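In the form predicted alone, a lone chain appears below as C-alpha cells.
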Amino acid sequence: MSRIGIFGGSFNPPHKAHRAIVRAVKEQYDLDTVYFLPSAKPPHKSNDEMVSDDHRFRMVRFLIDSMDDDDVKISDFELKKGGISYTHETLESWKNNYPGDELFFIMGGDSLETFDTWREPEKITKYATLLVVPRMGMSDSELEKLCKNRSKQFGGSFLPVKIKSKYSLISSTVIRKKFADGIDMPEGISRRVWRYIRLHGLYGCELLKYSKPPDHKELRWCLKSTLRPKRLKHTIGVAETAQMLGNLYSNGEATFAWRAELAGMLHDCAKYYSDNEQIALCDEYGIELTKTERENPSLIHAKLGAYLARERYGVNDEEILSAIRLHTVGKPDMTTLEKIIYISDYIEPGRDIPTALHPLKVIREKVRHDLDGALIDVVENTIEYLGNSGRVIDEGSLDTWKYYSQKKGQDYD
C-alpha cells in the first residue's frame, strides 16, 4: 500500500509556497508520493485570469523539476477530463484505479472554511484523508480547531499541516496582481517559472524578446525555462557536437563554430509545445505546413523553431535559421552548416540507438573526415526507422537521401 498525496488547484501560476507545502506534507505525514493535480476549470474560481491548461501544466512541471525529488509528480487527469473539476469525482476515480493506495487530499484552510459548499463533501472524506494547510493569518490553534469541527461535521479525518516557509504567505492571486502592477519578478516565483511567464507574455507581462542572440548563459536559462531536463540535455549535446564539427569544417571562418553552436542550441527551441499548439502557432504566424507535416506534427517543431529563433531570440543569420528549419528532414544540396546541425541532432553523445542500420559509433568516427558519408548514414537510419515503425516517411528525407546517394556515387566514378 502506498500513501499518496494529491495536491489539486489551478496553479495559476505555481509558486514556491506550493513547493513548500508539498515538502511539508511529505515529511509530516510520511507520504510516498505527492501528485500535483492541475484543474481544468476550478468550480470556485473565476476563469478571467486563467492561462491555458498547457501553460499551467508546463509551469508546474518546471516547479517540480526545481525540487529534484522523484517522488513528486504531476497528473493530467483533470486536464484530460476537461470541464469543471469536482474533487469527489477525481478521488473516486483514483480510488477505483488504485484501490490499494491510501489517499491524502491537500487543501487550504480557506477551502476548509467553505467545505460545506463543495459538491458531495461526505464522499471526499470517504475516499481520502484531508491534509489542511493554514490560510494567510490563520494560527496553528485556529487550524486545529477548524479541522476538529469539520471532522465532527463530515466524518473522516482532517489533519493540520504546519508550514514554516518564508513563502507561506505567497498566493497565486497576489503574484498575478504584482505582475499586473508592473513588478518584474514577484517574490515567490521560481526563476524557471518566471522566465517562462516572460517568454510567453502571461499575466500581462511584457513579452520577452531579444533584438540579438542572448549570451550563452542567458540563452541556456531561457531553454531551461521551456525545455524539460532530458530535452535540454539533448540540446546541449547537439550544440557541443555542432561546435566540434564547426571547428573541423570551418574552412578558416572565425565565427563558424560559434554559429554552429548557436544553431544547435536553438534547433529544438519549439519542441516543448504540444502538437495542437504547434499547428495553431504555425497557422497564426503564417508558417506553411504540408499535409504530411499536419499528419505528423513531430516534424513541425523545426519550422516553428526557426521562426522563434528569429522572432524571440533575435537570430537574423539566414543560414542558422535554415539549419534549424532543416534539421529533421534535410534537403538536397545543403550547406556545411545545415549538414552539421542535421547530423549533430542524430549523433550527439546522449543518443543510443542499438538497432540502427549504421551504428552511431561508426557515424561519429566517419563524420570527422566524411561529412556527406555521415549524412547518408543518418538519412538511411532515419528512413529505416520510420519504415519499420509504420510511420510516414517525409518526401524531404527521401529527396535528401536520393541526392546525396547519387552524389556519393558520382564521386566514386
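A residue's number is simply how far along the shown sequence it sits, counting from 1. Please read all numbers here as calculations on a predicted model, not as lab measurements.
Separately, the form predicted together with a small molecule exists; it is not shown, and the next lines address it.
Trainee: In terms of non-hydrogen atoms within 4.5 angstroms, which of the given stretches 322 to 330, 171 to 179, 85 to 93, 309 to 317 touches the small molecule in the predicted complex?
Mentor: Within 4.5 Å of the partner lies stretch 322 to 330.
Trainee: Does every residue of 296, 299 and 391 put a non-hydrogen atom within 4.5 angstroms of the small molecule in the predicted complex?
Mentor: Every listed residue reaches the small molecule in the predicted complex, so yes.
Trainee: Pick from 150, 271, 123, 224: which has a non-hydrogen atom within 4.5 Å of the small molecule in the predicted complex?
Mentor: Selected residue: 271.
Trainee: Which pick from 339, 234, 198, 259 sits with a heavy atom within 4.5 Å of the small molecule in the predicted complex?
Mentor: Exactly one residue meets the criterion: 234.
Trainee: Taking heavy atoms only, is residue 51 within 4.5 angstroms of the small molecule in the predicted complex?
Mentor: Residue 51 lies outside the contact set for the small molecule.
Trainee: If you check in the predicted complex, is residue 362 within 4.5 Å of the small molecule, heavy atoms only?
Mentor: Taking the distances in the predicted complex, the answer for residue 362 is no, it never comes within 4.5 Å of the small molecule.
Trainee: Can you tell me whether residue 10 touches the small molecule? I mean in the predicted complex, with a 4.5 angstroms heavy atom cut-off.
Mentor: Outside the cut-off, so no.
Trainee: Considering non-hydrogen atoms and a 4.5 Å limit, does the small molecule approach residue 381 in the predicted complex?
Mentor: Although the small molecule is absent here, residue 381 would stay clear of it in the predicted complex, with no heavy atoms inside 4.5 Å.
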